[in-house]
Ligand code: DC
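One chain comes next, on its own, written out as structure tokens in the form predicted on its own.
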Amino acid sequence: MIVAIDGPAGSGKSSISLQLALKYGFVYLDSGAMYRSVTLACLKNGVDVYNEAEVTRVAKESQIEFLYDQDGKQTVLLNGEDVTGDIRSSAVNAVVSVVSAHPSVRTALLDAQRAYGQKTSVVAEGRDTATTVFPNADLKIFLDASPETRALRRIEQNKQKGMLDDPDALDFEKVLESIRKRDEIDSSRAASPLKPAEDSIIIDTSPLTFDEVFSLISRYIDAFLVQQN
């Protein structure tokens, strides 16, 4: 089974997707972490993120791996180095939308993403998983929330990740501005813009708790699995 969950930054798709994957024994595909890893590699090596050819070269040369412990905690390896915390830094947040907007970069990572779905059941999350990566997904979900709600959630996530020494990561106005800018870039880019697939189930998570969203999507998955049996 392929579950594709899309949505803007801070909509809760990463946390929900990971827990769903753990519950059902599916592989969790964090496509956003792939783009963040490429972005980090560019920053570390002084590559201009606006230079599509150079960024694409970095994407093709980068080896990105995901590891998970028994509690579902994710470790992201970039060329063998643990970059789990680094890819969530303010520096990466500021330009990851530029990197992910390059058509050739998206193409370079597309095959790697689709390979997961050919091997096993997956919960894939990102911004174009239902429209581009897995257009034939068995279940398509689009999570949304107000920019203000998403900014508060992102700040809480940053705190939980120990980013207490990064003032930009905890400043509401700066985080809100970053989210709005990311929304604009993601929604207007030429390659795989952020939008719900025509057959996506759209869920506004603003008034909902994590458990409520998790329970709602679980019911959709359960219904599909029952039909298959």
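Heads up: residue numbers just count along the shown sequence, starting at 1. Owing to the predicted nature of the structure, the values given are computational and were not obtained by experimental measurement.
Keep in mind that the form predicted in complex with this ligand is not shown, yet the notes after this line are about it.
Checked against this ligand in the predicted complex, the residues Val105, Val96, Val122, Leu143 give one hit for a heavy atom within 4.5 Å, which is Val96. No residue of the trio Gly12, Arg150 and Arg180 has any heavy atom within 4.5 Å of this ligand in the predicted complex. Residue heavy atoms within 4.5 Å of this ligand in the predicted complex occur in exactly one stretch of 48-56, 199-207, 62-70, 183-191, and that stretch is 183-191. Applying a 4.5 Å heavy atom cutoff to this ligand in the predicted complex picks out Arg154 as the lone residue from 148-180.
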